[in-house]
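Only one chain is included here, represented as structure tokens and corresponding to the form predicted alone.
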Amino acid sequence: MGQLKLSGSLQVDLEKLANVVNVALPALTLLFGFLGVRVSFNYHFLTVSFLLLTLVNLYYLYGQKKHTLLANFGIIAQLRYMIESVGPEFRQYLFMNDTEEKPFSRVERSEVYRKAKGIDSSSAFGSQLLFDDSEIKLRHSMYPLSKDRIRPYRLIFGEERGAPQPYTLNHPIIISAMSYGALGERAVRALARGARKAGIPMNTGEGGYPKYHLMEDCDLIFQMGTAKFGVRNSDATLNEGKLQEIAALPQVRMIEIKLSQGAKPGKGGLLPKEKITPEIAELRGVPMGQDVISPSFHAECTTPDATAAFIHRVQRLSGLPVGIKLCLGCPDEFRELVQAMKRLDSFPDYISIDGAEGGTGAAPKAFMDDMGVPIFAALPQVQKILVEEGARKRLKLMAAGKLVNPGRQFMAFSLGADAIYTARGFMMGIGCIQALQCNKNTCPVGITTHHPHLQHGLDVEEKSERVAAYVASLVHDHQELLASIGKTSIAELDSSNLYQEGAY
């Protein structure tokens, strides 16, 4: 920070500037004090202001020891921290182009916003995406179909094993796991109410008893994370009675056992202490004032055979379709799990593959950046293993990981997925602006916060309409894409419908 280069050969010597400020602040304080006495009392307003700045500057230079920049340059260095703190906002709105922002570009977010608002999401002049050997594209047919030949979507979970209470999915979209805790009360209710209007289910996330999910009377997939909030014994093993109580709720239509997730595979869930309210502590059975960190694995799932047996146990206790969620790591380990399912004749009703690009409310950066297999690499491997082991027809396969628009969803369908999970798509649908503050309880649009003032602007009814509109727009585009590809149903899609240079 010794020199700040502005342009060309123009540079600011921050050390000299800091020295000037260090002398100027007390000098101006004395000057305005003198003028306040001799000329006008009004100068004392400036005296007080500069006195405060002088005291702050002295504290930075000689009082605090944590920040070297402040100790070296005083209040001038604070400007650096202030500029850095608003840097993401300046880059997002002023400097980044429409395709470079991460994890979702402005182009991607804009499409979701427009779909959720029921606004035409067409674009003009040409795609802003790059067309190179890294691109995956959908292959169209020379002989497109009329849309009246498209068959309605229908997927029945639990039919393969004759589950006592199978569940029928009428649209290929599910709101992915988001707990009360990760989201605030109003966001949960808006999504749940929207799910009911759209006729799709919503995953509760691993947050324990789903109080606000239940309130809006939508179909629910109760997620059991590694900590088993809501259905746990004190040693994090399954409490069978509590599971049966939740499974008996009329809104709960399926159970999901979360083995791992894409944003932090091999790591348990994390809820920062800043987001824990007394109500959340009660629902999860956790103490206030400390981070809630789930175990990295289920106590019952330490081997392939034990995992397959646990799946069967949950199916027997609940009477509902039961699925598992995982992020693919080593394909051989997944194959061993499938082989154990075959030995014990214990298959889940679905497997949800979460890509490494999946999102979360909070995760260690090393896990989020460098662990797990991305969804378009994981899906073909999972599909291949299931087919080779003769297990593909025993279960359904779902996919998640940045699948917020119909094109990427169709790529997942073509690689083997029967249905799509998305969380961030629906978050953007109800107003997420990608502020990247999900772990701080400071979400400016009231979605991932429990602060009453920040939640105030999130209108549950209005946002629920956006959820329903987003689903309707996706379904409409699915039909358009099917007709263009020349298929009558999503079930007919396979890898031959994809193009990637050097691969297809």
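The model shown is predicted, which means the values in this text are computed figures rather than measured ones. The first residue of the sequence shown is number 1, and the count goes up from there.
As for the form predicted together with a small molecule, it is not shown, yet the points below apply to it.
Could you confirm whether residue 258 comes within 4.5 Å of the small molecule in the predicted bound form, counting heavy atoms only?
Because a heavy atom of residue 258 falls inside 4.5 Å of the small molecule in the predicted bound form, the answer is yes.
Quick one: does residue 360 come within 4.5 Å of the small molecule in the predicted bound form, counting heavy atoms only?
The answer is yes: residue 360 has a heavy atom within 4.5 Å of the small molecule.
Is there any non-hydrogen atom of residue 421 lying within 4.5 Å of the small molecule in the predicted bound form?
Residue-level check for residue 421: yes, a contact with the small molecule.
I'd like to know if residue 182 sits close to the small molecule in the predicted bound form, meaning any non-hydrogen atom pair within 4.5 angstroms.
Heavy-atom contact with the small molecule at 4.5 Å: present for residue 182.
Using heavy atoms only and a 4.5 Å cut-off, determine which of 226, 223, 307, 318 is in contact with the small molecule in the predicted bound form.
Looking at 226, 223, 307, 318 one by one, just 223 meets the 4.5 Å heavy-atom criterion.
One residue of 417, 178, 322, 191 in contact with the small molecule, assessed in the predicted bound form (non-hydrogen atom, 4.5 angstroms):
Contact residue from the list: 178.
Tell me which stretch of 399-407, 292-300, 144-152, 194-202 has a heavy atom within 4.5 angstroms of the small molecule in the predicted bound form.
Of the options, only 399-407 has residues within 4.5 Å of the partner.
Would the small molecule be touched by all three of 216, 277 and 283 in the predicted bound form, meaning a heavy atom each within 4.5 Å?
No.
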